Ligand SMILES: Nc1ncnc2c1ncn2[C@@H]1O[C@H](COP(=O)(O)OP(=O)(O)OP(=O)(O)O)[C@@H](O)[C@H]1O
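Coming up is one lone chain in structure tokens, specifically the form predicted on its own.
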């Protein structure tokens, strides 16, 4: 498999609404071949989300399964191509094109502003396996960042087990729709903008989707939600290393990923897989969070380690990735999540709350933001109290 062969395969991909193919139209910006991994960079300005997804699916179908191709990665550029010419009626639909003339020289309609254009940092919270408290960490990290003066959004992409609405106390809420951009408007909870697939499906309805649909939903939650101006968008990922993780890393400018694990050796084995997956797709790993790290007896104050100890530090040293924090196992965290009252919203000064605050401080150190003046003063005052 070489560049010429790949271009021949891509030349068979027709552009929706156009007579030209992908290559003839100059929409293939770059082709990279690394062993059996092929990366195709596409310039798809002027096409709406459905047309872009259709083109990406056609590219995958053209290349996957070919001799010498083990994996296909698609990257999309949205600012390198000129807008398509106006249609006959003088109004250009994003996937339209063609025509020209009839309506005179009316300008093309510009596509809406990128939904993530005002988001400074996109932080993925991931885990190699389920059951390690990833969503709990994502929820309380978002609230801890908010408490430190940041503007924060929380995107629940845990497609098969969305628990963020319950943990944030908005399980019965429904997102709005903006009239101007035709995008979802997130639900507000504890001062954080929240969007979740859990708002759109019934509690007792299982989500049974194959990979392409999962990838489409991930893209829609990034492109079709009115996130507005945020310092941090915390993204709660599904556990594992599947379609959602790959689509997110290819579709969004992630600042970095946080890997959540417990001290258990079984959890650490899968945490390493998640860590290596993000590195493979060139997403920085900001660090590890050890959840359920230890238990402190309320009666005598003795600290015990029911799930082992030292393993996370070993992984941290072996793979040269920092430790962001240790979160104790405690009934207040569990009950707070069940009742829609996260510990960072109700008991930020508790040992559990301070654990999440330490993670937020470590994230801010790696990914700084400029707080508004009033918020900055409040943050410094709280800092000196600690």
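Fair warning: this is a prediction, and the values are worked out from it, not measured in the lab. Numbering follows the first chain given and starts at 1.
Only in words, not in the display: the form predicted together with the named molecule, which the text now covers.
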Location of the named molecule contact in the predicted bound form, chosen stretch of 54-62, 329-337, 357-365, 313-321 [non-hydrogen atom, 4.5 Å]: 329-337
4.5 Å heavy atom contact, residue 191 and the named molecule in the predicted bound form: no
Residue 249 within 4.5 Å of the named molecule in the predicted bound form, heavy atoms: no
Any non-hydrogen atom of residue 218 within 4.5 angstroms of the named molecule in the predicted bound form: no
Contact test in the predicted bound form: residue 264 vs the named molecule, heavy atoms, 4.5 Å: no
Triplet 135, 158 and 292 all within 4.5 Å of the named molecule in the predicted bound form via a heavy atom: yes
The named molecule: the contacting residue among 149, 165, 239, 175 in the predicted bound form [heavy atom, 4.5 Å]: 239
Of 130, 306, 228, 284, the one that lies within 4.5 Å of the named molecule in the predicted bound form (heavy atoms): 130
